[in-house]
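Let's start with one chain on its own, the form predicted on its own, as structure tokens.
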Amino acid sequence: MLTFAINLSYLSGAVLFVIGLRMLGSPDTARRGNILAGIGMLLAIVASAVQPLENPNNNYIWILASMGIGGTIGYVSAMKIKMTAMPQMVSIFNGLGGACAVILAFSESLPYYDQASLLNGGQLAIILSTLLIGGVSFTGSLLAFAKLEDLVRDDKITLPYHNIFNLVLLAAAVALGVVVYLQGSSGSLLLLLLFTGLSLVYGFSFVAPIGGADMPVVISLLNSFTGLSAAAAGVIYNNQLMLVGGILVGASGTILTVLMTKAMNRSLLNVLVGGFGGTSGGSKAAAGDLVAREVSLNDASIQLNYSQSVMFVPGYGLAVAQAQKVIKEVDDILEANGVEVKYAIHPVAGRMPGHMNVLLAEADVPYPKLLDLEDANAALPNTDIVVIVGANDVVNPAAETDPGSPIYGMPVLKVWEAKHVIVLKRSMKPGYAGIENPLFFHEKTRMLFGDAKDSLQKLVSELKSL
């Protein structure tokens, strides 16, 4: 009876995972999907804890204490985290998942080395795979967090020909893994430690050369690594739900990574060898003697109020300013005056996948108003005014016109095809990728300098006074 209840709990948890993941595809159902997936995880934890009751050596005090501490930290972090720091939190959670997989795999292999028992080939292969994938996910996610927090500079952690160094390092780790596999548990524990260490070093080195504009893809890829390492750990412990959950995370993360690399006109192979995108620098062709043209708040409000269609392009600056609710207020005023309002969402806007979608959903912006890259570009030529709020690299025409730019070939939002462009920006400083943007000097563009939230609040006041 107990076995039946445990298996039923695992099956129910797996079904809830799938349903929850499916519901995450829309902001209207995402909250319920997240709750359902959480219930599935709770079932998995309870079933895993109940399953070995016949073993008197289980120390449930330690288990419950660890769960209590971890749950408290997670709850407090989730309640206090700011939307601007959400990518960093996702990176940390990815890293901790990878670290757990590494600890589980290593601890599972120690008894075999201590007692000189024999590991079968399948067990050892799974353990080595878990150590490699989990190690890359752990240190890679930590470095991604440090980059997002501006704790490290790209030029301080990269080497000349770093991509070649990464390939050599990966080859060395794989070769050492083969040696450990061939020796089995009769080999040296030191070699297993060295393999684990190389995996951790490669994770750090893998993320090191990847530039800021490419961070959303890195987070997505590392998320898939974490899922795969969790699935491998599920095989080690013969835990069906850990296996199913890990496969779901790994598969969804991989699919998202492929979609994002396609949206940026990059190859997945470039990502895997750490040769994805660039760091800082880029084209300076737009600088020269060109002068940016400013627009006053009054003129901007009049243009918006008497236009027929407006498209907002949100970026990371919107998240920094916490201006999503104010932009919705501008949206409501314009809609009340008969202006059609849409939002153009680039796949890699912000610093994690879906960053802008989450921000706008928090402000209750209707999901049908959000246009993806292709639909937005189709609508832009018929748009009266584009208002760019904190976006930079995803609206950079250098991606189409400057072969020397690190983002050349990347599909961008062609905002310059609209009739008018207003850019809300603090200064003329380049964006996160450190690339100059010729759009700021375009004849259709007018700059509205200042904090995005403050500028939008003033726009609200001007619109109400018209």
Partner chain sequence: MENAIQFFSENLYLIYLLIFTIILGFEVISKVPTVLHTPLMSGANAISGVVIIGAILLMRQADPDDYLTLSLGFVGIILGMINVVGGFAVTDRMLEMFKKKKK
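By rigid core we mean the largest C-alpha set that fits within 1.5 Å across both forms. Residue numbers count along the first chain shown, from 1. Keep in mind it's a predicted model, so treat the numbers as computed, not measured.
Absent from the display: the form predicted in complex with its partner chain. The rest refers to it.
- Across the options 172-180, 247-255, 201-209, 389-397, residues that bring heavy atoms within 4.5 Å of its partner chain in the model of the complex belong to 247-255.
- Heavy atoms of every residue among 31, 41 and 243 are located within 4.5 Å of its partner chain in the model of the complex.
- Contact with its partner chain in the model of the complex, judged by any heavy atom within 4.5 Å, is made by just one of 219, 300, 313, 148: 219.
- Interface residue among 164, 152, 81, 378, judged by heavy atoms within 4.5 Å of its partner chain in the model of the complex: 81.
- Under a 4.5 angstroms non-hydrogen atom cutoff, its partner chain in the model of the complex lacks residue 401 among its neighbouring residues.
- Under a 4.5 angstroms non-hydrogen atom cutoff, its partner chain in the model of the complex lacks residue 427 among its neighbouring residues.
- Remark: residue 233 counts among the residues lining its partner chain in the model of the complex, judged by a heavy atom distance of 4.5 Å or less.
- Although the partner is absent from this view, residue 74 contacts its partner chain in the model of the complex, with a non-hydrogen atom inside 4.5 angstroms.
- Taking its partner chain as it sits in the model of the complex, the stretch 34-50 comes within 4.5 angstroms of it through a non-hydrogen atom at 34, 35, 37, 38, 41, 44, 45, 48, 49, 50.
- With the core held fixed, the Cα of residue 357 is displaced between the shown form and the other one by 2 Å or more.
- Put the two forms on the same core and the Cα of residue 223 is off by less than 2 Å between the shown form and the other one.
- If you fit the rigid core between the shown form and the other one, you'll see the Cα of residue 325 move by 2 angstroms or more.
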